[in-house]
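Just one chain follows, in the form predicted alone, and it is written as structure tokens.
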């Protein structure tokens, strides 16, 4: 049996105004209370379905009848004109099989758990050196700029074979690419500039290869320099933007909960605490867009072929039935001793985040080392003065002044 919701359609993406900075925007939580699949509207005037329930989000993201191919003309876009910009140079995250699998397989081996585990000493050294540098002046410091951003940037640069000294350029271009408020012409310029930069690097590595991902991709005859650049751009942007914002937000949240932060001094508790932080924060607040290729019933609602759909990971990860086990705090609250392993912070299905083993390792090492070495860590300004990245596809903090 199907039904059609009649509640007013919320406008996506929704602002964070006036809510807890660690919770999904109220528009999404209100939609979740109205139903697991409801109508919504996008900024370009088109309508779509907003999927907020945990089981419905999992079902949607694992269903091949929903396309991730941004080149399809009806594919939903969060901002007017953004779809065309992404479609001009799509990475494998925005393609369906067989193109998606063909390109993804080429870099899967670099992000396997075994490969990442072997990198832990190197990541630990990067974290230690970043902390040494940040604390050398005696403080205060900006945790985002001096620690949270340098750690994943340096790690992904080493993996990709991108010169770290170019970080100011690609970090600025990344900020433009993930922004929801800059002009389309600026986004197009940033995309072109970053693709040209990575394509140039790939061309150099075809002549003089190293031991890195770009060199291995450049050695393949079946990949164009543009395809290599698009894959490199995805890994570079996602590899530092997501983890950097998770480190910054996690630190602020743990400073609010010093008793739970103290749990990070127990190495056995760190992996579980990081899973809970990933669940609770779910920094992809705007959700994942998809396009229905066939008529599909989801959550008791008939979705028609050609309808746009947005999977809301953040509300799915607050499902009380799944995460509010007896003896633990409600799902809307942080509880680092909660079993949060079923969370969807990395998505689900064939497009699930390729870099999740690396992200987990970086977060575990960075947060445990930070709170172990700086037991007096505290905010250097009132929390009311902090500014959040509510104008970006990846949520986080613009800066986090700290002392210790």
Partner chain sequence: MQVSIDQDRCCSSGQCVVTAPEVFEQDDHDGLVRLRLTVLPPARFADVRLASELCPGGAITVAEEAPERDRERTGPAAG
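Residue numbers count along the first chain shown, from 1. Note that the coordinates shown come from a computational prediction; the quantities given were computed from them, not determined experimentally.
Not pictured, yet referred to below: the form predicted together with its partner chain.
Inset, instruction - Report the residue, out of 105, 208, 256, 304, that has at least one non-hydrogen atom within 4.5 angstroms of its partner chain in the model of the complex. - result: It is 105 that has a heavy atom within 4.5 Å of the partner.
Legend entry - Interface residue in the model of the complex among 115, 72, 82, 226, criterion: non-hydrogen atom within 4.5 angstroms of its partner chain: Only one listed residue qualifies here, and that residue is 115.
Legend entry - Partner contact for residue 348 in the model of the complex: its partner chain, 4.5 angstroms, heavy atom: Because a heavy atom of residue 348 falls inside 4.5 Å of its partner chain in the model of the complex, the answer is yes.
Legend entry - its partner chain contact at residue 360 in the model of the complex, heavy atom, 4.5 Å: Contact with its partner chain, yes.
Inset, instruction - Examine residue 47 and determine whether its closest non-hydrogen atom to its partner chain in the model of the complex is within 4.5 angstroms. - result: Judged by the heavy-atom cut-off of 4.5 Å, residue 47 is well away from its partner chain in the model of the complex.
Inset, instruction - Answer yes if any heavy atom of residue 341 is within 4.5 Å of a heavy atom of its partner chain in the model of the complex; otherwise answer no. - result: Judged by the heavy-atom cut-off of 4.5 Å, residue 341 is in contact with its partner chain in the model of the complex.
Inset, instruction - Counting only non-hydrogen atoms, choose the one of 35-43, 365-373, 351-359, 22-30 that falls within 4.5 Å of its partner chain in the model of the complex. - result: Only one stretch passes the 4.5 Å heavy-atom test: 351-359.
Inset, instruction - Output the sequence-ordered list of residues from 51-65 with at least one heavy atom within 4.5 Å of its partner chain in the model of the complex. - result: Sequence-ordered list: 58, 62.
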